[in-house]
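Just so you know, structure 1 and structure 2 below are the same protein chain in two forms, each on its own as structure tokens.
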Structure 1
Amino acid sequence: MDNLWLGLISGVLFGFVIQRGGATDADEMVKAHLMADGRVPKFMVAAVALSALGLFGLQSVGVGRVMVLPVSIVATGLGAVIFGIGWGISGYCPGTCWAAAGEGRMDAIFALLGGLVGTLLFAQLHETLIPLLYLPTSMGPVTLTDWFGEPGGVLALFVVFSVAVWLIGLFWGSPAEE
């Protein structure tokens, strides 16, 4: 029961923050994809950089639960390509369409319904596609710590993501400052 309340509270906070960040607004998302406005990708990438440092701190005092998903060259890559096409044409991703539907955006409600259909399709094909595409090229739950060691992995991520934020600032437009 506690878990249900925690989920609800977490969802409300998350939904509110992404709404205020404009991630539920497909106009903002399309502008981000067209490199016309770097605000949304900047906060996404910066939040990961900060969260990685924060999670490292939490873990070092024994707080928090982690679960690293395996990487499959073919399934993760192909899934990402299909996802990217859907994200590019609609401006919604699975999380933002819940918050955007709650906000009252009708096109997001259709994205959510389509999402249920996509899930139904994949669940139907799971037994065929996972052994075919996922398992053969799975490398297991590899992390940067496996490559760069204990503080090395998290520092590498922080540096690379910080540089990414700077590059987005350089190459994306910023209409707010015009």
Structure 2
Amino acid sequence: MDNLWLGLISGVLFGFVIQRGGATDADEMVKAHLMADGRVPKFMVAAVALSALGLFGLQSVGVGRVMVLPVSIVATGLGAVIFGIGWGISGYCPGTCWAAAGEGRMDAIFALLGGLVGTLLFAQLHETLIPLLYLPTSMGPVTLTDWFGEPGGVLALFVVFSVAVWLIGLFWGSPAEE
């Protein structure tokens, strides 16, 4: 039960942070997608990097648990395309959509409903899609730790995301530059 409270508290804190970072504002997301403002992409990449370090910390004290699922090139690629199209059309990714809907943004509520319909559709087609898209290119459960060892995988992830933040700052505009 303590883990449930930890999850609830961390979820509320994460929602607060993404709201304060501007990730629940579709207009800010549009600026990020048009590479006109790098604040939201920097924030999101930094949030993922810090979350990875937090998960590593939780695992090291025996609280965190990770379930590694098999990786499939085609299924992941197709999912990424669908994810990107949905994000581009709505201005929200799934996490920011829930937080924006919690703020009462009507566009986010419609995006949330679209995501739920997509989830229902996938659930109905799941048994058909697995042998067609998932199994032929499944690589099994692969992690950065498999490639770099422990704690090299976490360090590699941190370095990748740190470089990503730097590249976003290099190529994306910022409001001060306008």
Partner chain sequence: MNNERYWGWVPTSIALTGVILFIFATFGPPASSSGFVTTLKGVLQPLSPEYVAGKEHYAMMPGPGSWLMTFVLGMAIGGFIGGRTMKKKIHDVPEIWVKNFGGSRKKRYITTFIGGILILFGARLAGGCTLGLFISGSTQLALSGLYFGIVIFAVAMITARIVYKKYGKGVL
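Rigid core (definition): largest C-alpha set, two forms, superposition within 1.5 Å. Along the sequence of structure 1, residues get numbers from 1 upward. What you see is a predicted model; the values in this text were computed from it and never measured.
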Practice prompt. Choose between structure 1 and structure 2: indicate the form predicted on its own.
Written response: 2
Fill in: Core-superposed comparison between structures 1 and 2, I18 Cα displacement 2 Å or beyond
no
Fill in: Core-superposed C-alpha of F110 shifting 2 Å or more between structures 1 and 2
no
Worksheet item: With both forms fit on the core, has L55 moved 2 Å or more by CA between structures 1 and 2?
Response: yes
